[in-house]
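This document starts with one chain, in the form predicted alone, laid out as structure tokens.
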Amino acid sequence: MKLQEYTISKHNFEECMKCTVCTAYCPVLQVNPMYPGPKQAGPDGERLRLKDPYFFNYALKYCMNCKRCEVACPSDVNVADLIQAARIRYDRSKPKLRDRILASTDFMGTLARPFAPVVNGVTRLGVTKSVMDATLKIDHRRSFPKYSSRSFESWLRRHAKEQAAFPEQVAYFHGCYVNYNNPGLGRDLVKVLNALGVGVQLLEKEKCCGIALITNGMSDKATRHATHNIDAIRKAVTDRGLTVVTTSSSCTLTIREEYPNLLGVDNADVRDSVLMATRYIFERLEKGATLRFRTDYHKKIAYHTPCHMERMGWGVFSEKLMRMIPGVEFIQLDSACCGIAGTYGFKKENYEASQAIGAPLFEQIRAVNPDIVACDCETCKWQIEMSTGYTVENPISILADAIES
């Protein structure tokens, strides 16, 4: 490739003032000496890569894309985007079969759903885990999420007429997790929004947001998903005048930020219409809407703000909603990464680092000893439940349980 192709960068690495605060906040660097750290992998490395692609370092694969470096950066440098963009541009290694399986959430969910009880039983077996460890390098100590026999999409389609009767409507980007693993979260969202006089519609044939495809080296497929999803969102927002709500912090960050920044998919006309459901609900309540809470609801709830939620700055909406519930003893956990980072913590070579990163958070939770841990990220839920034994619920499900039926 010609050198002039690498003479400019669309990312703002020039704003880096070399303070190294990103290095201090990087959870990976604290446990994995093979990772060069966000400053070296991001702004410093970009200066070299633009001169010659030879300087691309394959150790960038250890970046979890948690974005804590971006939260910490005083100059607003998109450090994690620099790293992921470099991987997309320069990494020529082919994804392994394991990576393709872990990243193909729609495909695996579609295969597993008709046989969910069998799949769930088999993936819990020690022999199954040992075989996957030996052949696919998926760590045998990792617990797998359960699949549901029925999809959320099929449930909502059966209630489409009922939902259409509400005076106001939103479209719901439910994501793979709600559709294949936890339709109950989707039903909880419908319950809360219906209580506010809002009906819920499906987007037109949504696909996986693509975050797992990006981090597993399949950016071309992620771009196709992004293009499809933005077209579907555009039809909801522009043609039908709807707000698009979500319940996954990582899906939301991917749609709003990663699509344009990493995949080059323009979302400028609809980006501000894609909101976490917690923000949407809080803003409606601020404008005068009301929810009727149960008088017998009493829970001690500890809230873990997911890294991607922290990057968007929207954890405050989940916090404020749970504080509104009269019977809740609310505890805000200190900022910390759980360590799983989507598919990252499933891989054998990352498992020890994943658990070491999450250890301070796990210790916090045990010290608080809550009835429920609240979290807006499904993979954080899997990691915390596996590593601590405490039940983790999305704030939307907590809200749904606390309001009158």
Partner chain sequence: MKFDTIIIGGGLAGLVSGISLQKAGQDVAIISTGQNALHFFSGSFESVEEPPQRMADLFSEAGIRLQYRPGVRLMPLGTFRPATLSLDDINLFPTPRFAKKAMIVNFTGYHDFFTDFLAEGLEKQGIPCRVQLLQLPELDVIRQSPSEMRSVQIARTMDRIWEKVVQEIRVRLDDEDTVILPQVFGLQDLSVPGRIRQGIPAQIVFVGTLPPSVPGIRTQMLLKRRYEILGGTYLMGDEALKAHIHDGVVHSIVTRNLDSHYLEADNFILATGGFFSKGLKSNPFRIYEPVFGLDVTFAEDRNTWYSPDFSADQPYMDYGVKTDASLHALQDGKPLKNLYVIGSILGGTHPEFGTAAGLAVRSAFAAVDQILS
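Positions refer to the first chain, counted from 1. The model shown is predicted, which means the values in this text are computed figures rather than measured ones.
This protein has a second form, the form predicted in complex with the partner chain, left out of what is shown; the following refers to that one.
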Mind checking whether each of Leu29, Cys73 and Phe317 has a heavy atom within 4.5 Å of the partner chain in the predicted bound form? yes
Although the partner chain is absent from this view, report whether Asn261 comes within 4.5 Å of it in the predicted bound form, heavy atoms only. no
Counting only non-hydrogen atoms and a 4.5 angstroms cut-off, does Thr20 reach the partner chain in the predicted bound form? yes
Would you check, heavy atoms only and a 4.5 Å threshold, whether Glu283 touches the partner chain in the predicted bound form? yes
Using a 4.5 Å heavy atom cut-off, state whether Arg87 contacts the partner chain in the predicted bound form. no
Stretch from 33-41, 365-373, 48-56, 347-355 whose residues place a heavy atom within 4.5 Å of the partner chain in the predicted bound form: 33-41
As a check of understanding, the residue in Asp266, Glu310, Asp91, Asp231 with any heavy atom within 4.5 Å of the partner chain in the predicted bound form should be identified as Glu310
From Asp334, Asp239, Asp220, Asp296: within 4.5 Å of the partner chain in the predicted bound form by heavy atoms is Asp334
